[in-house]
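Only one chain is given next, in structure tokens, and it is the form predicted alone.
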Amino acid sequence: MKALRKMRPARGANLESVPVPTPGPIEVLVRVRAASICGTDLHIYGWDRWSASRINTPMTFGHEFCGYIEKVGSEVTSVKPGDFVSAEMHVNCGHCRPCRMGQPHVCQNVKIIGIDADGCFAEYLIIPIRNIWKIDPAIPERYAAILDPLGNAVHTVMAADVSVKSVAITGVGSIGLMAIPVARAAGAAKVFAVDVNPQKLELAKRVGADATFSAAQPEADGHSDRRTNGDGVDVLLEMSGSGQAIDSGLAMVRNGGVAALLGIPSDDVEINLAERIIFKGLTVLGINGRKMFETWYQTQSLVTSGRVDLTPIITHEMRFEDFEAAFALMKSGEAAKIVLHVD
């Protein structure tokens, strides 16, 4: 089979021919139809400091996909060949304290398919049966391939309880953009988007933002104040991981508000905790992945109900073989979400 492999600790990747894997007794073999590129994949492709500390080469990366069951292990009874599926790519251990307390999404021993094991940038991949998610056949493949990142947006929005509240989203990459219609569907009263990329801010308007602010402007928080009677927003959804954006976002939140942080900083972040959090009495939520599997049910319901339109966010659909052009588009900032069609 064809697989996009990280062969050595350096920038780039190679399309290699490798054996089709064989599923174990409680695993399934999935034939991949479509896979999407995540910001994490861009880090791996470019081989930054995080990648060098985490990734062991050679390996097949990629962790957002949809496909069809090709073969099942001897003990698998819940799915059959031909079923349309995706998967929760965080494989929890099941025995650490968070797992045993019903919090497997923050498992202490988590392994991530596409980072710690061969991923979905391939014609076939192996998934443990307990991580398989059967997809409603009514969902098109291009949507099904991005349920994983959409789930990140859903988890962040639902954890922050945005109903009838004003919301600021800092960082409107693909997940930040997805959070806009999700927040709308969850009943947000107003949604503001902040980013440095004018193209992404235009997309934010298309998917439902009431107003957009350039992070390059010195007082983005002042703009949100003027639209909230000087109070500040009720909720911050931080999606960028930028230290400057986190600081600016926290400044936008009213006293007693909520900040949900999903973006991963690439380095240490310096924050005035007293001014930004303690004296304001903020509730700060760290958001990791998706709840297993509560978020998946919520995500699929939002898509099948038609309340979340992902079409503007999928800016490019490309052939798997054109991965180099796809990664170049991602790096340039011209793309929001790219779906690679494997088959």
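Remember, it's a predicted structure, so these values are computed and weren't measured experimentally. Start at 1 with the first residue shown and count on from there.
Only in words, not in the display: the form predicted together with a further copy of the same chain, which the text now covers.
Here the marked residues M7, P9 and A13 all miss a further copy of the same chain in the model of the complex; none has a heavy atom within 4.5 angstroms. In the model of the complex, no heavy atom of P198 sits within 4.5 Å of a further copy of the same chain. In the model of the complex, a further copy of the same chain lies farther than 4.5 Å from every heavy atom of A138. Taking the partner from the other structure, a further copy of the same chain in the model of the complex has a heavy atom within 4.5 Å of a heavy atom of W133. Using a 4.5 angstroms limit between non-hydrogen atoms, G187 touches a further copy of the same chain in the model of the complex.
Stretch-level contact check against a further copy of the same chain in the model of the complex with heavy atoms at 4.5 Å: of 311 to 319, 33 to 41, 62 to 70, 298 to 306, the positive one is 298 to 306.
Note on contacts: among I246, M89, A144, A160, the single residue with a heavy atom within 4.5 Å of a further copy of the same chain in the model of the complex is I246. Think of it this way: in the model of the complex, a further copy of the same chain has a heavy atom of just one of R206, R100, K111, K80 within 4.5 Å, and the residue is R100. For the stretch 273 to 303, the set of residues having any non-hydrogen atom within 4.5 angstroms of a further copy of the same chain in the model of the complex comprises L273, A274, I277, I278, F279, K280, G281, L282, T283, V284, L285, G286, I287, N288, M292, F293, E294, Y297, Q298, S301, L302, in sequence order.
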